[in-house]
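Listed next as structure tokens is one chain, alone, in the form predicted on its own.
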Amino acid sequence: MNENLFASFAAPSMMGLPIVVLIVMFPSILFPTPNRLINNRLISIQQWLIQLTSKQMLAIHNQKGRTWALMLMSLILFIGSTNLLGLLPHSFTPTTQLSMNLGMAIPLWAGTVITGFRYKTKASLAHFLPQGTPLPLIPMLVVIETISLFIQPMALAVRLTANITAGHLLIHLIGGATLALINISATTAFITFIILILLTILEFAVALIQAYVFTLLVSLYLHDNT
């Protein structure tokens, strides 16, 4: 049972070769580059959503922080599209892999920290020691603030992995319960099926919300260092 339950989280392979790279590149097909003077409705909606999200996310940034706009928009589109594609039957969700999420979180976090130390050295060092700290607490606070700084990328990756994995597990469990209850009680199976539909709708929302939260936290880290 446990093997079947977690089988959907195993990285797929073809002829012994992992095909995760192809799966990760697939969402880019969903966002075509317009080649016409007048866009169709799909591209117009995509551009409107991107502009709306970028305005909301970059409102707190200065000119230097807004240079990260393309990276932040690419990040939220990539995470959101991979999360949504993972809800399709017999598909694979790369964001359920902690290694991949760490691979996104650590470079982005390191980039914001390096930017802060490069352009705002004094302010970045001041985060390790709040003003007015009593002298005996200085060593302890420096250690605590250093640990909290290095925990940030781990928190980003674990939050995304845990939320996406938990939703997929719930859908798998309730779907299995629905199939098992069909021959036992049709009424109970129907109620369980309604719960499954509502949970699937919730997971669509969670997929988009987690992409927004991940990108928003990266944006806040960038705001603190620019």
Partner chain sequence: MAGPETDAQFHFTGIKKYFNSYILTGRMNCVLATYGGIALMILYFKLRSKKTPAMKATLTWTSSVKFRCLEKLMSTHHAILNLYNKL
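Positions refer to the first chain, counted from 1. Everything numeric here is computed off the predicted structure, so don't read it as measured data.
The discussion below concerns the form predicted in complex with its partner chain, not included here.
With the partner left out here, its partner chain still marks one of 124-132, 100-108, 152-160, 81-89 in the predicted complex; by a 4.5 Å heavy atom cut-off that stretch is 124-132. At the 4.5 Å threshold, heavy atoms of residue 136 stay clear of its partner chain in the predicted complex, well away from it. The closest non-hydrogen atom of residue 114 lies beyond 4.5 Å of its partner chain in the predicted complex. Contact between residue 146 and its partner chain in the predicted complex is found at the 4.5 Å heavy atom cutoff. Put simply, residue 142 is close to its partner chain in the predicted complex: some heavy atom of it is within 4.5 Å.
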